[in-house]
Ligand code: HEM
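Encoded as structure tokens, the following chain is the form predicted on its own, with no partner shown.
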């Protein structure tokens, strides 16, 4: 790993591998005021909106997440092999080709047709705990909702959601600062997901339907098709990303609205603001708190010499609340704000953003219409506030709306 050759004493330093490091902290806000970037133990961190916007689209930077396993001392194994071959980290023609073949399966029309089922599912989950006046939000809503949406999309039995959730959650440990100590569990989960995906592909090859997996299996552009390995890698990424990130983001959305009760009441009165609610939560409190890039050549940006091979973390949460771009950076469903980068940006913009936006924009207004005054009930547990974050447990209490 390379680090910048420049040594500026007044540039802040952040230890982003420390479990106590927090994105939403005074230390990070102070660093953002001090400088547009910080030095870290994993290269550079870009803290402000304007610089994140420009560097996210810079041809001098490529996807840098491929080195995440190596940064954590992992140089081989099932996870390493899958991670270094999936769409998230591929570049150039390999990335363009697979993305081009995958893209038709993420049809907005297909997603729109599923919206009534998303609404039905959300109501079903709320019905199960509404009379109690309390729930453990991750267990009772965020996780089953995110996972069952995924099973609906993939065309697999919804009864299999606990298995999918368990495996996706375990693979998600690889993106946390405790990756190395969780490696054995992650490897076992990847092996199980490989087997699951391979069986799903064989079934759809023999008997294709109208579901997402069938669309992938049948995808053909100019005589080019995805190989079985490429299909498997894409499905594992979809299962992991589609469940883990949506579950975490729903939990973070509830946290944001509990901190901003007037916005929750506004959403209850104005369910048409569901889409805006998703955008505001992802701007101010995203589950993906940074996206990683790597310098492909030496270059200078705003007087900073960045050496080829330098890892550059673009802090999405910090940039989304940068007062230079957002004079009043708090959540505001009626405000007009610049685009956020909670779904990444550039050629690596999240391919599944239509799905995430659709299912969350249905869930959040429905929850607001049914639950009044949600508040913490004690005993909440959280992933570290860095990398990919979110609640592990989120007990809440509320009043049932009339």
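Numbering follows the first chain given and starts at 1. The term rigid core refers to the maximal set of C-alpha atoms that superpose within 1.5 Å between the two forms. Please read these numbers as outputs of a predicted model, since none were measured by experiment.
One more form of this protein exists, namely the form predicted together with the ligand; it is left out here, but the text below deals with it.
- Contact annotation: of the candidates 88, 114, 156, 304, the single residue with a non-hydrogen atom within 4.5 angstroms of the ligand in the predicted complex is 88.
- For the options 106, 196, 326, 161, the residue carrying a heavy atom within 4.5 angstroms of the ligand in the predicted complex is 106.
- Using a 4.5 Å cut-off to the ligand in the predicted complex, each of 95, 99 and 344 places a heavy atom inside that distance.
- Of the heavy atoms in residue 317, none are within 4.5 Å of the ligand in the predicted complex.
- In the predicted complex, the ligand sits beyond 4.5 Å of every heavy atom of residue 35.
- Using a 4.5 angstroms threshold between heavy atoms, residue 150 counts as touching the ligand in the predicted complex.
- Proximity of residue 16 to the ligand in the predicted complex: non-hydrogen atoms within 4.5 Å are present.
- Stretch-level contact analysis of 65-73, 22-30, 329-337, 363-371 against the ligand in the predicted complex, using heavy atoms and a 4.5 Å limit, identifies 65-73.
- Residues 384, 386, 387, 388 are the ones in 372-393 with at least one heavy atom within 4.5 Å of the ligand in the predicted complex, listed in sequence order.
- Put the two forms on the same core and the Cα of residue 70 is off by 2 Å or more between the shown form and the other one.
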